[in-house]
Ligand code: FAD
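The data below hold one chain only, encoded as structure tokens and taken in the form predicted on its own.
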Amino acid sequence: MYDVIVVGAGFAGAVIAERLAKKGKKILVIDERGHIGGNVYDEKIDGIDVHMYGPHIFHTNDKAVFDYLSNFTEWYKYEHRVLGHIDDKIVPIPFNFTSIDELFGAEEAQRLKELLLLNYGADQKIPIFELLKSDDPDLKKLAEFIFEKVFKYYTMKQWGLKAQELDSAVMGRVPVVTSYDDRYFKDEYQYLPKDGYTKIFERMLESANIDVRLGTKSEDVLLLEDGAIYFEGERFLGKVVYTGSIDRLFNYAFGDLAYRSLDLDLIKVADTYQCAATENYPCPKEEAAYTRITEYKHFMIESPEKLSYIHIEYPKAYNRQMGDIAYYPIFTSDDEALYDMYLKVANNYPDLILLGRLAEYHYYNMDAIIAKALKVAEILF
């Protein structure tokens, strides 16, 4: 009945389904949640577009990805800016020249900016670990200050690990910037969808060649056994694109992979709550257990003047028995080794395609997973 079964209705699954349906393939998309869109799902509440699983800002340098998504939405320009609460002041994150001006005296700030320009040049993005290796004692002292105030405690709250225990690529996502450019992202295409993200998924999946079953767990309809795949008790001869967590796919045979999850408190407030869409709290957990607060009306061109909604974000260890959502893989050597064990088993199933952050145990931004899904769809048939 189906050429392809896609597990998961987030971007990875929806893009695959849409592209293969265009090729005339019959697709079944299943998702255990009661909605499409995965963690990007949003809803309009009291006239405010709320991202129900935390904020998602589309940004990319990949024109092909932007052009592809533009088939399903109109856009409006949005450049994300983040503020951080440091030493009783609110300064831009990533740490830049404005941050230095706010946190140091005028003479000291000027001296530090000149040192940064002399050693690294203008408009550069310096990973914190690189700055910590500086031979200049003043720059090293600055790096230690930034590490303490911006990275150390935020990382411990976000990941449950010390910064030194994380993959350097994760830490490099928030560099030190040698300019006054306070945009969080520097990509060429920075937009938000005019009608919200959920509408994108609805338009992607509206093809007559796509059936969608929500509230359906993959383990209730799929069985992998001895290199063969069974769907609802019968041998399935098509392809299965799986975007869920790989340890779940194989019933946790080698143990649980580690993920980070979130508790998100959605609160309705009577007035505008903060100055920016996102404000970070990189202080010790004892001072604030949350990492950031997002206020959604700042994302919008038009929104209620007073009424607002905020998300307060509390990272935590993922616990599947408690029904937590796995948001982020944890990139330690032990977990990567465990993932490789599951991958070896998956390789015994030639018609199984693993795709996405959880299935591949890899951190993808939205644009990156869309690009990957487009590539996989192109070569799949």
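These numbers come from a predicted model, not from an experiment. Numbering starts at 1 and follows the sequence shown.
Another form exists, predicted together with the ligand; not displayed. Remarks below refer to it.
Segments offered: 71 to 79, 267 to 275, 134 to 142, 237 to 245. Contacting the ligand in the model of the complex at heavy atom distances within 4.5 Å is 237 to 245. Heavy atoms of Thr332 never reach within 4.5 Å of the ligand in the model of the complex, leaving it off the interface. The ligand is not shown here, and in the model of the complex it never comes within 4.5 Å of any heavy atom of Ile353.
Shown alone here, Glu32 lies within 4.5 Å of the ligand in the model of the complex, counting heavy atoms only. Residue contact check for Ala17: none of its heavy atoms lie within 4.5 Å of the ligand in the model of the complex. With respect to the ligand in the model of the complex, the three residues Gly10, Glu219 and Arg292 uniformly fall within 4.5 angstroms at the level of their nearest heavy atom. Distance criterion of 4.5 Å from any heavy atom to the ligand in the model of the complex singles out Tyr328 from the list Tyr328, Tyr339, Tyr349, Tyr314. This chain is drawn without the ligand; in the model of the complex, the residue among Val40, Val65, Val50, Leu28 with a heavy atom within 4.5 Å of it is Val40.
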